[in-house]
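Take a look at this single chain in structure tokens; it is the form predicted alone.
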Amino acid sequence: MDLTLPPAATEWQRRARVFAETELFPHEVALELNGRLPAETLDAIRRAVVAHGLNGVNHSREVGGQGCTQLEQTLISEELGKATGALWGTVSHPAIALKHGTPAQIERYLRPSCRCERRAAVAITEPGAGSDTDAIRTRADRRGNGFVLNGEKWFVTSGDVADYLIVHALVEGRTDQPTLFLVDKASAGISIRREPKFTHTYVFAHPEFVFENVMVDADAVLGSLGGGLELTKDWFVEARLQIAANCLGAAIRALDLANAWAGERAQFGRKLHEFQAIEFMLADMAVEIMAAKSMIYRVAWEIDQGLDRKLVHARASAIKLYASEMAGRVLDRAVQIFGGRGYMRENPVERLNRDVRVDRIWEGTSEIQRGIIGRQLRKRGPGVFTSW
């Protein structure tokens, strides 16, 4: 069998690597020290995204995207994931659910999002609802020819820079009617309660939104009434695939840096590379990365070959679980190899070590992924994960 990456895929990889190294890496330390980047810097990065052709890579050319395959998207996310401060977030991926929009919604939201002229933030989590979407309490009650939204959403990633929200709400409060709504952020009744600070430095914020009698027209429904959970699941799968690739990139950069440092740093008259304790840590890091890369590339390729949707869901959980926990182990070892220097924020491995911790939590915790995998084992047997 031929496992060589297609030339088109390696070209996307090269393009993303150049973009990350020239447009993202130079801003890492400033972002870390200041907590934010100036608006003009973010605008310059946005223009660079378009100039490098990395806008809308997850959508078809017919709607203004780049039409990248899943493998190509994976290679892009891997390279972008090497940047600290989640600077990969500046390369927006318009939510996959938008492809199910009406022609009018595609013109109003998806096309300009693919051009980096608009940006969405997905609002699902609530104070009492995270992994358990049945516990969502945000309501969409019918009012005339539209709906009125009331509720509260937490951890709305990039909600500070988004100009519209994709809100998961229950029609008339019914758990069998989960529905997605496209809501312009400037709509009356929407407010930001606060922007919490988190362990990692993130290029954008994760605000808490409050919706108080927010009026939307019937044409704000994305997909169908009651169809929101399925669209949300598709978004989770897309996000999990991206997270896995980002984690892979972060781990690779950490190994590169740690390996170079071990060849440069001398203690007790010997390079760190010559100490078996360090050598074994580097070896373990390399093997874990190799295993993760093999898993992630395989699943991406399978999706491009038309893998069954249920298998995509199962395997996306598997690679998100493995890649996020792998990245945590690799980054922990990288910090240890650097010693005190690994604890300095000016060192990329220190920043990446904090960055990857959230990957075991958001878009489904590691425990949720294990639950999904366990259910697949009960329903379909080990072959879901062990067959070729």
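The structure presented is a predicted model; accordingly, all values stated were derived computationally and were not measured. The first residue of the sequence shown is number 1, and the count goes up from there.
The same protein also exists as the form predicted together with a small molecule; that form is not shown, yet it is the one meant from here on.
Colleague: Find the only residue in Ala123, Leu180, Ala254, Cys247 having a heavy atom within 4.5 Å of the small molecule in the predicted complex.
Modeller: Selected option: Ala123.
Colleague: Which residue, Thr90, Thr157, Ser77, Thr138, has a heavy atom that falls within 4.5 Å of the small molecule in the predicted complex?
Modeller: None of the other options qualify; the answer is Thr157.
Colleague: Would Thr102 count as a contact of the small molecule in the predicted complex, using a 4.5 angstroms cut-off between non-hydrogen atoms?
Modeller: Taking the distances in the predicted complex, the answer for Thr102 is no, it never comes within 4.5 Å of the small molecule.
Colleague: Is the gap between Thr365 and the small molecule in the predicted complex 4.5 Å or less for some heavy atom pair?
Modeller: Although the small molecule is absent here, Thr365 would touch it in the predicted complex, with heavy atoms inside 4.5 Å.
Colleague: Is the gap between Gly130 and the small molecule in the predicted complex 4.5 Å or less for some heavy atom pair?
Modeller: Gly130: yes, in contact with the small molecule in the predicted complex.
Colleague: In the predicted complex, is there a heavy atom of the small molecule that lies within 4.5 Å of any heavy atom of Ile361, even though the partner is absent here?
Modeller: Contact with the small molecule, yes.
Colleague: So which of 63 to 71, 37 to 45, 353 to 361, 338 to 346 is the stretch with heavy atoms within 4.5 Å of the small molecule in the predicted complex?
Modeller: Answer to the contact question: 353 to 361.
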